[in-house]
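Here we start with a single chain on its own, the form predicted on its own, put down as structure tokens.
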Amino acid sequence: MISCSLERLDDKIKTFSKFGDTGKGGITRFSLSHEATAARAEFKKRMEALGATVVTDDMANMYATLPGAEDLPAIATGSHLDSVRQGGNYDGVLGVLAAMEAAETIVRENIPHRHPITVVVWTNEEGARFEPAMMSSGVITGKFDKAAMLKSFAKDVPGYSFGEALEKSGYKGSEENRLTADKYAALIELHIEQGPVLDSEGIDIGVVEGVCGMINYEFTFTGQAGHAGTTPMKYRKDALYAAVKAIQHLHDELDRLDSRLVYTTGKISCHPNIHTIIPGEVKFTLDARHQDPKVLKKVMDIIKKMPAEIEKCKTGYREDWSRKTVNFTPGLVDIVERCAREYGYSSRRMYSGPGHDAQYLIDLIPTTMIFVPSVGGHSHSELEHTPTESCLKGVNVLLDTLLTIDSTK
């Protein structure tokens, strides 16, 4: 079996960790920022040195293509270079570096391939600077309206739009360069798991079957604000107490469902939020994720059975947003699993909880993902880490997957 280079991969990881280095083991590399464009320039330089042709589309997505021996659709692989604030050196960027290393191995080892191989960098996957997340892959797949996305304003620079950043970046290209179904045969995205399962169970490779569906609801509890020192307990309409009761109820009910269900109350607001005043209004969110739509339906049933009044406070809820479960191309999922087995790596089939550009691209071309472990499950954090040896196993599986697709499509 052909192996990619541990030394080259380690060099790529260390080099790209300098773009937006926080000095604390992580990076802040917002989309189309100076740090992000510097990383793009390094990507372009390295790919052109391998003989790749590098172009960008109208959303600044980058496509670095090695020519194939035949006139066939390209096989794409890659991820994103942008990060969240004080993020890690693996989320997103590892998928780009893995794709670069697989491409470099093909060139250095003179590995024949029929299809062109394209390494892709997606713009603004995180949505940390310009909302929403997965913006540019969403535009080219018809999920988002381009005109609306161009008007998205930066969180770090008041009044600065994505459209302005796009023009300033130097990476705005032609719509003709977009990934399309007629020009591409498949897409494989390697990513860190961003969770603790692979690391805790000592598994080398996550064979990703799809991305979990999710729902996000906001709950409102309306009571009566009052003085904390003069209102007897029996007369109170404490919205925070009602919210606490509701959270406990939801947890108790949801815990009776499938063990693979994950749910979070991640945002809460309390009004007027003064220590001497009984809370008059409280809101909290519930984020629930599962691969089976039937389980999510049960979650919604539990929500809809919430009492109209709790502890003398009115209750209400509304759906903020949701997404359906995405299932990746079964044949490609099987190839990833088989390639891992051929290298002697342990693997486990799993669904992704977080979203990825790949979940949009599946609407255009056959797509799947490869996961490598995240030490301690850390992600979106400066603690994020995956040993280079573990990364290399993922890159080897990626390379073999690309070559297998090349030989069979």
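Since the model is a prediction, treat every value here as computed from it, not as a measurement. Think of the rigid core as the biggest set of C-alphas that the two forms share within 1.5 Å after superposition. The numbering used is simple: start at 1 and walk along the sequence shown.
A second form of this protein, the form predicted together with a further copy of the same chain, is not displayed here; the remarks below concern that form.
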- Report yes if all three of F162, K172 and N177 come within 4.5 Å of a further copy of the same chain in the predicted bound form by some heavy atom, otherwise no. no
- Item | is_contact(K44, a further copy of the same chain) in the predicted bound form, heavy atom dist at most 4.5 Å | no
- Close approach of M233 to a further copy of the same chain in the predicted bound form, 4.5 Å, heavy atom: yes
- Message: Although the partner isn't part of this model, could you tell me whether L240 comes within 4.5 Å of a further copy of the same chain in the predicted bound form, counting any heavy atom of the residue?
- Response: yes
- Check whether V107 has any heavy atom within 4.5 Å of a heavy atom of a further copy of the same chain in the predicted bound form, and answer yes or no. no
- Task: Taking 4.5 Å between heavy atoms as the contact cutoff, choose which of I111, A148, V262, L72 touches a further copy of the same chain in the predicted bound form.
- Result: V262
- Note on the structure: Checked S322, N327, S200, Q86 for heavy atoms within 4.5 Å of a further copy of the same chain in the predicted bound form; positive is S200
- Of 285-293, 97-105, 113-121, 299-307, which is the one stretch near a further copy of the same chain in the predicted bound form, taking non-hydrogen atoms within 4.5 angstroms as near? 285-293
- For the heavy atom contacts within 4.5 Å of a further copy of the same chain in the predicted bound form, list the residues of 1-29 involved, in sequence order. none
- Superposing on the rigid core, does the Cα of H227 end up 2 Å or more away between the shown form and the other one? yes
